[in-house]
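Given next, in structure tokens, is a single chain: the form predicted alone.
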């Protein structure tokens, strides 16, 4: 689906669902883990506040829709659209976004789009001084949004970027820079960010059948994986990679939404999204002490939820991949795409596949 068609789908007529999902229930199941029980944000991995009036009121419907549907590749924000392998149908996305807008209590007044003509070279200087500490030297994100993300840059207009810099976001660490930066400096930063956009289109849906649950145990004839433990809860990526190379017995569970598993995953990992719990997979797990390692991108929230559920079922050997899958990829450990092909590079593994 092209990006333009994706935006058109936002306004497409909706068939009435037989049992319409409640927005609060959808939020609690899929969003609260990272964005907080009351939409306050920063519950996990610096996920942004979803009650900021500057975001909920001034962002375009297409920006919000795409953030949920397509996620932010290379970050902890997965794609939640059903056609991308996520759990939300078209109707459910409408219900969720309409609930979020209603809860925000602000009218939808998207910022008028403008074309900003600044100096991107000077904008880099301003960015390094005022923005990099929160948004990352390369725009990779941190306490602030990942501003270098291709989906973000493809859907955030110049006007929205400018407005956000000037007005900030209430109830978040993002301050208003209207009194700190002049008009030219603001335009320069916007032009610097825009210069980093290399174009993006909504990727085609990925449909790869996950492996059978009975294949949960990797290297079933090998010895139990020898892993480096921390606090009897976390294991290092180095020790997991070494155990896989030694062909030791282990179970890997990908706690992210299935759309992220489709894009790339640690070889042999089964999808076990945090919002589905462990009921389906528990009957397929051996009770012989085989190490179980869950991972996510948060890097501990989703995987921690799965590990806690497994320990509650008696699997005391369940552990969290300490640094998460983004660190795993950055360290050069093996990844494969949803179709089983090895990823050629970190960017190959973290970007959408078609």
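Numbering follows the first chain given and starts at 1. This structure is a prediction, so every number in the text was calculated from the model and none was measured.
There is another form of the same protein, the form predicted together with a small molecule; it is not shown, and what comes next is about it.
Name the stretch: of 233-241, 264-272, 106-114, 143-151, exactly one has residues whose heavy atoms fall within 4.5 Å of the small molecule in the predicted bound form.
Of the options, only 143-151 has residues within 4.5 Å of the partner.
161, 217, 95, 278: which sits within 4.5 Å of the small molecule in the predicted bound form by any heavy atom?
Among 161, 217, 95, 278, a heavy atom within 4.5 Å of the small molecule in the predicted bound form occurs only for 161.
Can you pick out, from 178, 195, 134, 213, the residue that has a heavy atom within 4.5 Å of the small molecule in the predicted bound form?
Spelling it out, the residue with a heavy atom inside the cut-off is 134.
Would you confirm whether the three residues 246, 309 and 316 all fall within 4.5 Å of the small molecule in the predicted bound form, going by non-hydrogen atoms?
No, because 246, 309 and 316 lack any heavy atom that approaches the small molecule to within 4.5 Å in the predicted bound form.
Residue 130 versus the small molecule, in the predicted bound form: is there a non-hydrogen atom within 4.5 Å?
Within the cut-off, so yes.
Even though the partner isn't displayed, in the predicted bound form is residue 34 close enough to the small molecule, meaning a heavy atom within 4.5 Å?
Yes - in the predicted bound form, heavy atoms of residue 34 and the small molecule come within 4.5 Å of each other.
If we define contact as a non-hydrogen atom of the residue within 4.5 angstroms of the partner, is residue 305 a contact of the small molecule in the predicted bound form?
Taking the distances in the predicted bound form, the answer for residue 305 is no, it never comes within 4.5 Å of the small molecule.
With heavy atoms only and a cut-off of 4.5 Å, decide whether residue 60 touches the small molecule in the predicted bound form.
No.
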